[in-house]
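The chain that follows stands alone, in the form predicted alone, written as structure tokens.
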Amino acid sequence: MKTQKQTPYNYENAQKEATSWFNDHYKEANKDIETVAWAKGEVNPYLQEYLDNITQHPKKAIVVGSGLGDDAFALYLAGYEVTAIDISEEATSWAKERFEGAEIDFRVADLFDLPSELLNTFDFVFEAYTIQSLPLALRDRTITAIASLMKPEAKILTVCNAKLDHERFEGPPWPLTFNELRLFTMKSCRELEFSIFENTSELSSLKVRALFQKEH
């Protein structure tokens, strides 16, 4: 009996397909923030709460999936040296316009093909809703890529919509299970905080804010 040969999963094609539409969405918004599905025009409240409650700020920070730049600007105001990366040229250009004069390194970058100078560089990483916007098959690769930005002892604050193991969602976005978010602990990171909140969003009934730290 012949066995059918299975075609290997093409990660490169999946990555391009999963990210190519972001730029079009920003372009169609035509500089109207209210028409960008995920943009609020203000800092993520979980990031602001974190910044308000720490006494020492690390030097170098990066925002992953920086969008229109509000989170990067909050880090800049808190005294960080900030890099902000996004796959969308349109979003990056828009963010530069919005925060003209702020010394923020807004740059277009592919999370799956990061410039070598960004690797193992940052003391603090912020990621909100980027992991969940990418397909489940890319989840481990996405988390691996984000963790690669961290230098030893760096911290990452990550925010996502979350779900229970039995729940199913037709994304994007695809809310994370608790264990999926804890994949950071498989990338030489230890868990410092894992806070679960009830969520009123239509995307899911739960939200998680988690803090991890890179080991030596």
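Fair warning: this is a prediction, and the values are worked out from it, not measured in the lab. Residues carry their position along the shown sequence, with the first being 1.
What comes next is about the form predicted together with a small molecule, which does not appear here.
- Only one segment in the set 85-93, 72-80, 117-125, 98-106 has any non-hydrogen atom within 4.5 angstroms of the small molecule in the predicted bound form, and it is 85-93.
- In the predicted bound form, the small molecule sits within 4.5 Å of a heavy atom of L111.
- Taking the partner from elsewhere, T19 is found to have a heavy atom lying within 4.5 Å of the small molecule in the predicted bound form.
- By the criterion of a heavy atom within 4.5 Å, L134 is counted among the residues contacting the small molecule in the predicted bound form.
- Put simply, W38 is close to the small molecule in the predicted bound form: some heavy atom of it is within 4.5 Å.
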